[in-house]
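Below you'll find only one chain, the form predicted alone, shown as structure tokens.
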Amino acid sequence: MKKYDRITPEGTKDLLFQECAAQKKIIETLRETFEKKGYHEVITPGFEFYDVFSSNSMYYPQESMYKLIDHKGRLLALRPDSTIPIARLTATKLKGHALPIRLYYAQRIYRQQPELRGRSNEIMQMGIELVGLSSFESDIEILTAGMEALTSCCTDDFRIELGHIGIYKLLMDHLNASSEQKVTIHSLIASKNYAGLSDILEDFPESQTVELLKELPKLFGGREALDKARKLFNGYDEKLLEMLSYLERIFQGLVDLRMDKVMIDFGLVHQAEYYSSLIFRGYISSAGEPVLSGGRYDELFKDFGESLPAIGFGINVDQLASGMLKCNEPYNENVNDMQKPNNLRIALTKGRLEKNIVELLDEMGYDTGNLKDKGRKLLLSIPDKNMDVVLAKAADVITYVEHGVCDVGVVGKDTIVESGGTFYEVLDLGFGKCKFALAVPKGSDFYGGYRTKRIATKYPKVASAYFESKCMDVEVIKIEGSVELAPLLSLADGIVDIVETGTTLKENGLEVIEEIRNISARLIVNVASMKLKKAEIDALITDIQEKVRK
């Protein structure tokens, strides 16, 4: 029996010396910041009864939690979140306590993350919760505390983005959509998938609600986003305008306090069932994902028998500590002689998509000389636009963009669907068109009989999801090479693969019996880069759109 006694579980790691020192400094700095503002520390158990997190109003799905069984057979869960246990603590241990209650925490949370994506399953988190107040002043208090926390732990290179989840909820209440459609629309808005969102909303009758939902993820930036939203929302619903006015008031309140590193994003719809109104996130340049996340959750306490307004945020201490260490690393001019720290970095999928995008950049007037005469180089520059270009395999493009080492990427929709990831999918580039299809030996009766069918594919996630949607059990076999061989060798009854012309299928005795979905090249953007390098990325998107639309 193999022993796992010299390694740590996936998603965890040992911290040594500099990492410990950096984390300790962040924790001490944040603790001092919170205590000066009158917040008191609490600690909740590392594992709780699963019921604490199982309410329908909660955000964390059961597959994201680590679960245990106690000696009485009761289901437990390692803490995936700190706010929910603190709500439980406040509703029970602090029941009847004078309001408001100001609490802070410094403890680890545990979440199942996608395998081999470089995400931690064990996260050191600090944050504050303000319970018992629902006012403009309390919202400003929390936001200023968050901005001061980031300022105290890193450079000034950060942004706080504001949103109002009530706007999205109101629009969805006006849309006659099924539960499944609502889940899809939420996902498309959250990922700024403009093309996908437009496609699904085409199925609904024309209305102002549909038009506003299409615009929602595009509405982000400074005061101009608020001005544009007011024009779009005018005449729709008085409640929507009230929420917009409140968001404007919060924005101006922070500006008046000289906290101007703030922006608006109406497409900020994360944890829609968790938050009730104001929501916000914080980004720093050294992390490719939000390091701060929070909002108002006035409905949460009802799950614990209380009715208390509350607002708070959590900070990823590990990300801040990592950023601190990166800032202290010396700049190596020999390694980075072609790159400037503020350059926009684009990852391109090598091969056909690379050729397509280079041609597009050429048409846009960009200096693509280095890309055409690249030799074996994988890191190149577009000197006239202060851009660096990374050439990589499709799946790696997603990884580089998701982790923030590249700001923008060009990759096929097939890779996006199969690999997943956290990023914004902002543009359908219109080239690299093909489709996912189910193909079987010509003349065979794939759907006949009772035997469980076997499917060979390079895309097991796509294939599994497709047959699951048809409520059909199949055995999926992953193939890396020529998938058409599997039916010929009687390994599989059919294949799920990318089809362009269908010539290869015909030459191997296969025929398409189902078209699963169309695919094409997409422009994806790192979540943090979209906020920290908005002007540069907007300019690139505009340049591309002008050519793609022609």
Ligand code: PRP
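Numbering starts at 1 and runs along the sequence shown. In this text the structure is predicted, and so the values were computed from the model without any measurement.
We do not show the form predicted together with the ligand, though everything after this point is about it.
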query: The ligand contact in the predicted bound form: Arg249, any heavy atom under 4.5 Å; finding: no
query: In the predicted bound form, Gly38 touching the ligand (heavy atom, 4.5 Å); finding: no
query: Glu484, heavy atom within 4.5 angstroms of the ligand in the predicted bound form; finding: yes
query: Distance check, Leu488 to the ligand in the predicted bound form, heavy atom within 4.5 Å; finding: no
query: Which of 65-73, 494-502, 26-34, 46-54 lines the interface with the ligand in the predicted bound form (heavy atom within 4.5 Å); finding: 494-502
query: Sole residue of Lys239, Arg352, Lys95, Arg258 within 4.5 Å of the ligand in the predicted bound form, by heavy atom; finding: Arg352
query: The single option of Arg108, His270, Lys458, Lys218 touching the ligand in the predicted bound form, heavy atom within 4.5 Å; finding: Lys458
